[in-house]
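Take a look at this single chain in structure tokens; it is the form predicted on its own.
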Amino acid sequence: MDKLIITAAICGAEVTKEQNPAVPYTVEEIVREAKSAVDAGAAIVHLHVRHDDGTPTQSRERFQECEEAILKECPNVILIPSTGGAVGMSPEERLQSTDTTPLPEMATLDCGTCNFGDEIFDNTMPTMRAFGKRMLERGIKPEYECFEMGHLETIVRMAQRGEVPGSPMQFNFVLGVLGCAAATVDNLVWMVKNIPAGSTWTATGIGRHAFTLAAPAIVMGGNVRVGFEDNLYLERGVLAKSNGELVDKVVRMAKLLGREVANSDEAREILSLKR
């Protein structure tokens, strides 16, 4: 079994300081949270960016500024910028995160339209083709974000047709979003059983499911994502003081379950990345 890759989704686009004062908005706060996660054992930082007032943005300039600042403090970390952005952003706006210099090693690619709480997260087939074309042209490896069973089947067919990058594929199964597939072990097992041979995968449990989904993922040989984007609490009623606290809990779980944790270079090898 490969070592466990831990991803820290440090701020997302929706959570606020009103919900948890440690949620980062400014460049300095984003760097602080990235470093806390890496120091605790995260090999990957999944990155959204904000304006200083907390407003989500996909500005190329803001991504450039944040990525440079993070890499100054954590020079070996793998960065996965979001192309999801926030609900309501246009595809062109969302793709700005793939325009930084140097180009990102990886970026997210959302695999279908779905309900997202009371809103609709719009990812049409033409949008996915355009994102896939961009990543094929620029040599960026996608992390395929699947919120539903149909998302997995759709993106695998697209890869078979050469519309998005193919083998080896990396999937992130985001379970527990209100309106999407529930964060159950049954759903996770189904998704893992239906990925192409040679693929890698990560499990993300939303809210109270963050650690109950992490445990089976660790045992099944998958990888784990945690962070303020997905969950603000260390345990019931206890707000996490940093992303590092959330990562550290996964590290401790992995140790108890007998699984070693990968550093960023080991993660690159597992994910077949070329730096």
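Since the model is a prediction, treat every value here as computed from it, not as a measurement. So that there is no doubt, residue numbering starts at 1 and follows the sequence shown.
Note that the form predicted together with a small molecule isn't included here; everything after this is about it.
- Contact annotation for the candidate site: 84, 116 and 229 all lie close to the small molecule in the predicted complex (heavy atom within 4.5 Å).
- Contact annotation: the small molecule lies within 4.5 Å of heavy atoms from the stretch 139 to 147 in the predicted complex, the single such stretch among 157 to 165, 192 to 200, 98 to 106, 139 to 147.
- Contact check for residue 13: a non-hydrogen atom falls within 4.5 Å of the small molecule in the predicted complex.
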